[in-house]
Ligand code: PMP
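Here we start with a single chain on its own, the form predicted alone, put down as structure tokens.
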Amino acid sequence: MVQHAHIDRSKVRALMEREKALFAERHPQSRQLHRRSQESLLAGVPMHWMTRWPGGFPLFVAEARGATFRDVDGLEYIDLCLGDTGAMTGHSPPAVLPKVTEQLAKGITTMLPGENAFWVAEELQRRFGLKYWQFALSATDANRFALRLARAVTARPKVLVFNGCYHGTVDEAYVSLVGGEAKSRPGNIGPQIDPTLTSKVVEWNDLEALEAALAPGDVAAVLAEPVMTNVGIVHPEPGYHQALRELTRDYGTLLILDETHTLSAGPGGYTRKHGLEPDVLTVGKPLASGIPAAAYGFTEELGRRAHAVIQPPYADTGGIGGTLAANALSLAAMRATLEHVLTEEAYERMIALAERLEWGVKGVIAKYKLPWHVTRVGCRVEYLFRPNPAKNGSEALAGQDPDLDPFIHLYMLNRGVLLTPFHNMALMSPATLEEHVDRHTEVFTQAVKELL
């Protein structure tokens, strides 16, 4: 039996206080701007998620390029957060900038189609294997519109999601299991109705619970990531996706796969990589190199059914779409991104770099006999402070560490490496270099030595 190293929690907390003081000392301009912003921005930030960064106040960014950025205090950082996937392309990729600039001069939005619309749709067909496509401004909207259409074509009222999931600010997904019972998710702000009236929730990888939830025949759609990513990476067990697809078909339920994060698996996401067959696929974030854009696609059969329920007199007032959706600027950026940035060749490099980071962290964990583990989906890597990978959302949530998580984030940040703030996720981009990955492993090793 392996004897794991012991980490003194009081030492972690003391180190955290030291890192907070160091952060404040090194970032006087960010601290000053944060104080000023208290007078005009709620909680001092333009979007309240930004309060989740460690250190007491967020960094204020001056410039971001490729896989690095510079803050207002002139400090440079390796960016392994990449806007929590929004900049998985790298910041302002050179192949996209001229196309965006050109489109700015030709018009930003007209609420009329252009050639880029069907070019992007045809490329998404090729990548994901789904026939018909529509566009939105965020994956949240794509998921919301897909769920509306699912209820319309099936004439069923319910949606099924997985405990610990995240699909943007979709009301139906704000439900969780508490003591084995479905409840409104903790922290759910102002729900218009109790989400247990609209949604069912089961644990990921639990086929028995899934079938029991589908059996009454009232579930319009299952909404899932192919791999859970927002409570740490939780992989499907062998055979799970095949059984999920068979059960949804057996009970007449549509399957919606949200590839917004699992697009890290390859050019066609986890769906293409593993030959999955969803009825609907949604994707957003990096699709236009960080310019707001998303897409949702349907099988040919479902596309015909969806078209039939969108009555022409109510096409603009039926709850699907938006004035700025499919605007010319977003579509130009999507085309450039798909054509020149998120290519097969780019993914080969990105995934190789993720493997390099994965093995670097694994080596440190093994050397120091730490009860931690590393997991990966394509060019997305995550390490968690628990010995074994979680098999569902409850296990993942129970394994989160309120001491080590913020400490590692701030320790890295103070040494020029940015991780995703909500979990220990590192993402590769086409602009990421081997030296960036090796610097992360170097700082990770330093952190471990100090903890021990």
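Quick caveat: nothing in here was measured; it's all calculated off a predicted structure. In this text, residue numbers run from 1 along the sequence as written.
What comes next is about the form predicted together with this ligand, which does not appear here.
With respect to this ligand in the predicted bound form, the three residues Asp84, Asn143 and Asp258 uniformly fall within 4.5 angstroms at the level of their nearest heavy atom. Although the partner is absent from this view, Gly168 contacts this ligand in the predicted bound form, with a non-hydrogen atom inside 4.5 angstroms. This ligand is not shown here, but in the predicted bound form it comes within 4.5 Å of a heavy atom of Ala139. The closest non-hydrogen atom of Thr375 lies beyond 4.5 Å of this ligand in the predicted bound form. The closest heavy atom approach of Asp79 to this ligand in the predicted bound form falls outside 4.5 Å.
Shown alone, this chain has one stretch from 189-197, 89-97, 159-167, 355-363 that lies within 4.5 Å of this ligand in the predicted bound form by heavy atoms: 159-167. The contact residue chosen from Gln134, Thr299, Asn230, Thr154 relative to this ligand in the predicted bound form is Asn230, the criterion being a non-hydrogen atom within 4.5 angstroms.
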